[in-house]
Ligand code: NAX
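Only one chain comes next, encoded as structure tokens, the form predicted alone.
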């Protein structure tokens, strides 16, 4: 093992970060033959807790973990990074409007985008996890001058994993047998989990489930509202599943995927399928294993799909308009 990948993680002492870091250290993204250097970022008041996380990582004695550094300076954390996982973001507080949340987070992601452009490695890939992740990704992308836009992706893998689980449970199969679920649009409750091209154990999902009313009703609502349901049940937001999805998302960039089982990634729109150009939207994507993705083309979208996708695309356009002053870089 001569190769070392530098992975920067923001919000590293938070719930998601705490679950994500062991997955990264065990080779969950780059595989069992690539050593990892973790470069962790937190806000200054949380640095003592982050030091405790660093100590725990050392105590785990992960064979692939080469080093762990901690900082409150994005330029330090992103220095020479091959992969930046932007997990930390400001949560929505009581009485806070969506525009206020977008503006507050925007300031964070402006600085992080600028720091990535200034100090990250020449072939960096950026995965935005912190919500609202699509528009946070858009802001970071616009402010990372000189970094190609296709280096930035936002996470909708959690929604894809949730949709797979629901389809599998309904059909009496295992979620590993589910292929080609698509999440269109925003990582919010407007997202459209699309089963029309999915298969379950090689059979069309619609036929395997054989319950059109469930697919158009309970299935959609369950996936769209799963985060809220977990908060209601657990008293805290999704952490373990979000961390696993973040790891899955990043791994899909570095492990080739094909049209036989594509990955849902939030990427910058080129107008495919009528999506507004320039927004960060969920699409079915294939990857080449080198961090590069391509939107799957030629899929048929029926009227139901166009209607549902149009709702979430409109929300993303609305969010973009709310942060237009933050996109000039």
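Here the structure is a predicted model, which means the values were calculated and not measured. Residue numbers count along the first chain shown, from 1.
Omitted here: the form predicted in complex with the named molecule. The next part is about that form.
- Of the residues given (190, 255, 237, 222), 237 alone sits with a heavy atom within 4.5 Å of the named molecule in the model of the complex.
- The single contact residue among 167, 158, 183, 83, judged by any heavy atom lying within 4.5 Å of the named molecule in the model of the complex, is 158.
- Residue contact check for residue 113: none of its heavy atoms lie within 4.5 Å of the named molecule in the model of the complex.
- Among heavy atoms of residue 143, none comes within 4.5 Å of the named molecule in the model of the complex.
- By the criterion of a heavy atom within 4.5 Å, residue 46 is counted among the residues contacting the named molecule in the model of the complex.
- Heavy atoms of residue 316 never reach within 4.5 Å of the named molecule in the model of the complex, leaving it off the interface.
- Taken together, the three residues 25, 250 and 291 all stay farther than 4.5 Å from the named molecule in the model of the complex, as judged by their closest heavy atom.
- Across the options 127-135, 113-121, 194-202, 209-217, residues that bring heavy atoms within 4.5 Å of the named molecule in the model of the complex belong to 127-135.
- The partner is not shown here, and in the model of the complex the stretch 48-69 never reaches within 4.5 angstroms of the named molecule through any heavy atom.
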